[in-house]
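Single chain ahead, written as structure tokens, the form predicted alone.
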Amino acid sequence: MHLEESEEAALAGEHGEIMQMAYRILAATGGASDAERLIPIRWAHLSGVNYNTIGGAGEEFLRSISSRGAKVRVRTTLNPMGFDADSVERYGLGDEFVSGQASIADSYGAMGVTQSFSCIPYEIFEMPRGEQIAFAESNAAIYANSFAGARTNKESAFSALASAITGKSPYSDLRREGEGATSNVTVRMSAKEPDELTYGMLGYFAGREAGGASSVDISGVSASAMDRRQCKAMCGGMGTSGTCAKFRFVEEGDRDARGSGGGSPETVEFDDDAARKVRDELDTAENGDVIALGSPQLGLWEMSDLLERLRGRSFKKRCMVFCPRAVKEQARKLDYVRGLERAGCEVLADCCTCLSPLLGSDKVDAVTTNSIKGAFYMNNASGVGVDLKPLAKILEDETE
């Protein structure tokens, strides 16, 4: 990977230890992804926020670099943390977790990072269409590349932080002009009567079928046929099952849908049977002790839609609704929060369903959710069973 003279100087330590560390990370990730060079970015979005995922070592690292003057050079936003500070005392999380999480937030704040604590930055900030960004949150990276017209690598926690500090990122295939990364497989969507759960399963299936490729083609459906909930579900599902960071919708027989070798990509069918197999893999419990909505977090439209669908009914069991703080404040002004709380919902900002200590195996045996992403992480990382069903079915079964 070619480096400019100033970048070589930073890599050699001429601009300080922290800048040297950041350029080392970018040089390593750029080399691994066959990047030609580094390019400027406009926005970085960081993972590595939840104390449940980075632990004491991560907290100590962030505290160390922030105390030594690390600063971000571009707009930088954050993924969810482990709790809503407004209600943390209700959940018995323990002093170590609470203090460690607070330290992580303070360290990012000292570096100049916007404390958005959201996995859906594309819904609370204006997306820079056609611009280069660096998103570590997998669903947000896929959404940016596939729906929003921006371009990002599928960043790691370290590479996104390095990009925030330097304002640069490796120029790999996902960033190139035009369609960027090519696909070796087309997934044909033929499942009947799809809902948001179906689209989440489609994303999960397509990400796995793509193998190690960075992009995959989807036929049999178009963006205009999907609502916001379905789009987010698809990006969230794809982000859990492989390295894929982009998809594009193609028409049957599209001659531009070419594999990297120049031939037509292999076509794989996503039909009702394929959907059933994905569901069987992730649906591991008959009932949930608690309902969890928000992985990815809910946006304002989804909060409004949920309230409208309830139509005066209330949940028969505890229901946790996760959203960004910016959305929660908007929803509060519009009286959505009060309406949802009257229906038995706990509306939580700054955190989400995935990897949250609020839904750990020490607190619940199983969770009811409509999220493929949430189901994957609860099954595989949190040790919690999952009762997986679409939102309409949750409302039918769990409200009165």
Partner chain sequence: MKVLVEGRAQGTVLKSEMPINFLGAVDKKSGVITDRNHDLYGKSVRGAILVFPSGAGSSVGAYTIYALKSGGAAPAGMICREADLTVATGCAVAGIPLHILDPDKFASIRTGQQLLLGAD
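Numbering follows the first chain given and starts at 1. Nothing here was measured: the structure is a model prediction, and the numbers come from that model.
Quick note: we don't show the form predicted together with the partner chain, though the next part is all about it.
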Looking at the partner-bound form in the predicted complex, is Ile25 within 4.5 Å of the partner chain by any heavy atom? yes
So, Ala136 and the partner chain: in the predicted complex, are they within 4.5 Å at any heavy atom pair? yes
Check whether Pro40 has any heavy atom within 4.5 Å of a heavy atom of the partner chain in the predicted complex, and answer yes or no. no
Quick check on Ala366: any heavy atom within 4.5 Å of the partner chain in the predicted complex? no
Assess the spot marked by Ser146, Ser295 and Asn370: is the partner chain within 4.5 Å of a heavy atom from every one of these residues in the predicted complex? no
Can you pick out, from Glu341, Asp362, Asp335, Asp34, the residue that has a heavy atom within 4.5 Å of the partner chain in the predicted complex? Asp34
Name the single residue among Thr198, Thr240, Thr77, Ser183 that comes within 4.5 Å of the partner chain in the predicted complex, judging by heavy atoms. Thr240
Name the stretch, out of 125 to 133, 295 to 303, 321 to 329, 152 to 160, where some heavy atom lies within 4.5 Å of the partner chain in the predicted complex. 152 to 160
Residues in 42 to 80 that come within 4.5 Å of the partner chain in the predicted complex by at least one heavy atom, in order, are Ser47, Gly48, Asn52, Thr53, Ile54, Gly55, Ala57, Gly58, Phe61, Leu62
